[in-house]
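The data below hold one chain only, encoded as structure tokens and taken in the form predicted alone.
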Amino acid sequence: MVTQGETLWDRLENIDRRVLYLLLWIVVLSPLISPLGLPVSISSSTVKYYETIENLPPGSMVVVSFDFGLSALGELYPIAFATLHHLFSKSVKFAIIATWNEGPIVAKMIIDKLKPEETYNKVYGEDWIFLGWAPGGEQAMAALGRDFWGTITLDYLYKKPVSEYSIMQNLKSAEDVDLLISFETGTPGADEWVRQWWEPYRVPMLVACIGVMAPTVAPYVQAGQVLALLPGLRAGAEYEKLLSKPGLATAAADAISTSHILVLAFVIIGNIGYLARRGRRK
């Protein structure tokens, strides 16, 4: 209620900060619970990332590398989730590896959520395989390029010799790989993949990274060594839009947009109140 001698603008200019925090919680949590799918422009790099996977010929061999740990879940989990969904939706074969020791944990979280056998009718060991962590950083990347079977002898899920799986009959070295996809936050990452897989084997490569890494990976895109780059949540939301599958990245982008709109609204209201009060004083 506005007291005598106090206008509505006076109240709005001095609104209790607890009300602001409450409203901020509401506008942030609402899109996270139920994504709004607010309009988002799509960059050419995101389109290239999407089209590279979308246009893979049937039977293509893809290697997906989880080159990040649990600390980067906020930015890279949504992109990795959307990418694996895209791959499972295509008639391609792929192997999941990791050069970071926490990578298999993240990959397993996504696989358990996607349920490839039930959702996509994909057969483990024929359509896809989870090879797990290859310790050794850049040395492991080089070893995988030369010899998959000798570098990772057992698969991650069932601990069986990789030579027993039919998919591995067509995956013995980097020369058998049609596309490499790396989700990464640092070293080892794009620098090492370019040295160990692009230079000797010319394996086409896609990269998704945390936002602050974009400037370090962008030169590889300009040089043609990386086909496309998805940097951070914003790019993930663009990718989800192309897939017509809004998820965590879309929800996060919506939350950022609604919070900015709220802050902008209160800045405008506060300034209007200030100008109105100053006009009355004059």
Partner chain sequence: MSDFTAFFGAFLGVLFTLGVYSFLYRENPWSRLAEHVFIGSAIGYGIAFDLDWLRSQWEGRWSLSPEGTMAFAFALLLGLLWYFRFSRKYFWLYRIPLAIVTGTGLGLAFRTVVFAQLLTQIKATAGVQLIGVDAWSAFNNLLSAIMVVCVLLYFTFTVKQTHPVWKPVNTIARYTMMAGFGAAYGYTVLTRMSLYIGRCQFLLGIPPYAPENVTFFPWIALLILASLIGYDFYVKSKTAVKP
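Positions refer to the first chain, counted from 1. None of the values given here were measured: they were computed from a predicted structure.
Keep in mind that the form predicted in complex with its partner chain is not shown, yet the notes after this line are about it.
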{"query": "Candidate site S65, I111 and P116: all three near its partner chain in the predicted complex by heavy atom within 4.5 Å", "finding": "no"}
{"query": "Answer range among 85-93, 119-127, 195-203, 164-172 for contact with its partner chain, defined in the predicted complex as heavy atoms within 4.5 Å", "finding": "195-203"}
{"query": "Exercise: P215 in contact with its partner chain in the predicted complex, heavy atom 4.5 Å", "finding": "yes"}
{"query": "L24: touches its partner chain in the predicted complex, heavy atom cutoff 4.5 angstroms", "finding": "yes"}
{"query": "4.5 Å heavy atom contact, A72 to its partner chain in the predicted complex", "finding": "yes"}
{"query": "Touches its partner chain in the predicted complex: A265 (any heavy atom, 4.5 Å)", "finding": "no"}
{"query": "In the predicted complex: members of 153-177 within 4.5 Å of its partner chain, any heavy atom", "finding": "T153, L154, Y156, K159"}
